[in-house]
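As structure tokens, one chain now follows by itself in the form predicted on its own.
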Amino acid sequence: MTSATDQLAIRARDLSKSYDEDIALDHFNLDVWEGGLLTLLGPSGCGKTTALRIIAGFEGAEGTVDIRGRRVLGNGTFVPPERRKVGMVFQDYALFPHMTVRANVAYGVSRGKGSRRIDAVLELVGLQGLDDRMPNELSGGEQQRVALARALAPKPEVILLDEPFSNLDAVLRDRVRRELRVILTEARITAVFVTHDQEEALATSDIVAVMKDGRVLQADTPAELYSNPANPWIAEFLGDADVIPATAHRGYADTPLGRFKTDLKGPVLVVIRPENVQISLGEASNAVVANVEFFGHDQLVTLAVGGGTRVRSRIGPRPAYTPGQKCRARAIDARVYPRGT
């Protein structure tokens, strides 16, 4: 996956890192293309933050890291963090509590270029007029923007953000996330963002790299990842999905919700997303409504099909279904994987 510039901002190869007997990264590979926002997404403990800290230079590791073609780690090279031209936004923001907003942002900017650059960055992040405030006088969203401004002020080549919204409540997190995307786009800077929140990753990123057990399993656009996950684990991790064991033969895998084309043979797993399951009344029934969760804009209907197999259907708010109701269920799309993937 490339950007319009077709230039790598970050290239990590075979990064391995252990803490005592715990493996944090296991031959981790990553390409980050110039000018985009890439998110490292995965469950807690999969190595996301470790990868970010190694790229930033806060930790060493086996393997290599290049930033815009310059080797910063590996083959006897270790460039310290302050010389990597990398900006970092920490999970807790790490603002200096005894410094004003302006002093926090000015930290790390050379004095000869300070005032004009600081004014420009404060305007970019929407903090003009708050120069003399102290961190404890700011809202959570404003503190997050101060941390971002401080990272942007020295004109880094890349920005790294470690779970920057985790300390915000849900409503504020959504707003600040949108603001961050606009700010990074206007700054025209490459960014790598770490989160365990799937919705956050899909909504914010140009590219999402899904991690598990210290490795990147798949990296692609949010739409492609969601539509064509590389394996059932990614499908279930990245949104709702139901996995149905089946047997494939003569070009098809048969399930209680329909048959699906496949080149595979023998035992398979059929992955179906709830939005691809349709429900209808007035036809020969093959399902029973087991549960209904109503969200206003839509509803999630759990169905018992094929001798008790449970699948979900995400449909609009009408018609209203009730537990015990018989209906016809069919899937309009699915992905078929070899059993054991």
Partner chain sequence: MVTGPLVVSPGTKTTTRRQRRPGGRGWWAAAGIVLLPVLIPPISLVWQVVTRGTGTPVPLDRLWELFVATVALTVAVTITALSLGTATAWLTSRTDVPGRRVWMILAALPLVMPSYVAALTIIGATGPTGLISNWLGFDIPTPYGFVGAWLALSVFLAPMAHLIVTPGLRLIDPATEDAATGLGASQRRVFFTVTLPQLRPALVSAGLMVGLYTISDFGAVSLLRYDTFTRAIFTLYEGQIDRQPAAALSLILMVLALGILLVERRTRSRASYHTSRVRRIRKMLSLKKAGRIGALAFLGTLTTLSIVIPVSVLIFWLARGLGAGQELGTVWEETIRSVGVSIGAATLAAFAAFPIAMITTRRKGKMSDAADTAVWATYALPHITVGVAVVGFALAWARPLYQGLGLLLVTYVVMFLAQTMSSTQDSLRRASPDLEDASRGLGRGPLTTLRRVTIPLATPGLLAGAALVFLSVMKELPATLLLRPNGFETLAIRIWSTTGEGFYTRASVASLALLAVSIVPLLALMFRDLRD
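Computed from a predicted model, the values in this text were never measured in an experiment. Residue numbers count along the first chain shown, from 1.
Missing here is the form predicted in complex with its partner chain; even so, the following discussion is about that form.
- The shortest heavy atom separation between Leu122 and its partner chain in the predicted complex exceeds 4.5 Å.
- In the predicted complex, its partner chain lies within 4.5 Å of some heavy atom of Ser18.
- Gly74 falls outside the set of residues with a heavy atom inside 4.5 Å of its partner chain in the predicted complex.
- Residue contact with its partner chain in the predicted complex: Gly63 places no heavy atom within 4.5 Å of it.
- Shown here without its partner, the chain carries Leu127, Leu172 and Glu179, none of which come within 4.5 Å of its partner chain in the predicted complex through any heavy atom.
- Only one of Ala203, Val243, Val109, Ala187 comes within 4.5 Å of its partner chain in the predicted complex through a heavy atom, and that residue is Val109.
- With its partner chain omitted here, the record of contacts in the predicted complex names 50 to 58 of 276 to 284, 289 to 297, 26 to 34, 50 to 58, defined by a heavy atom within 4.5 Å.
- Residues Arg150, Ala151, Pro154 of 129 to 157 are found to place at least one heavy atom within 4.5 Å of its partner chain in the predicted complex.
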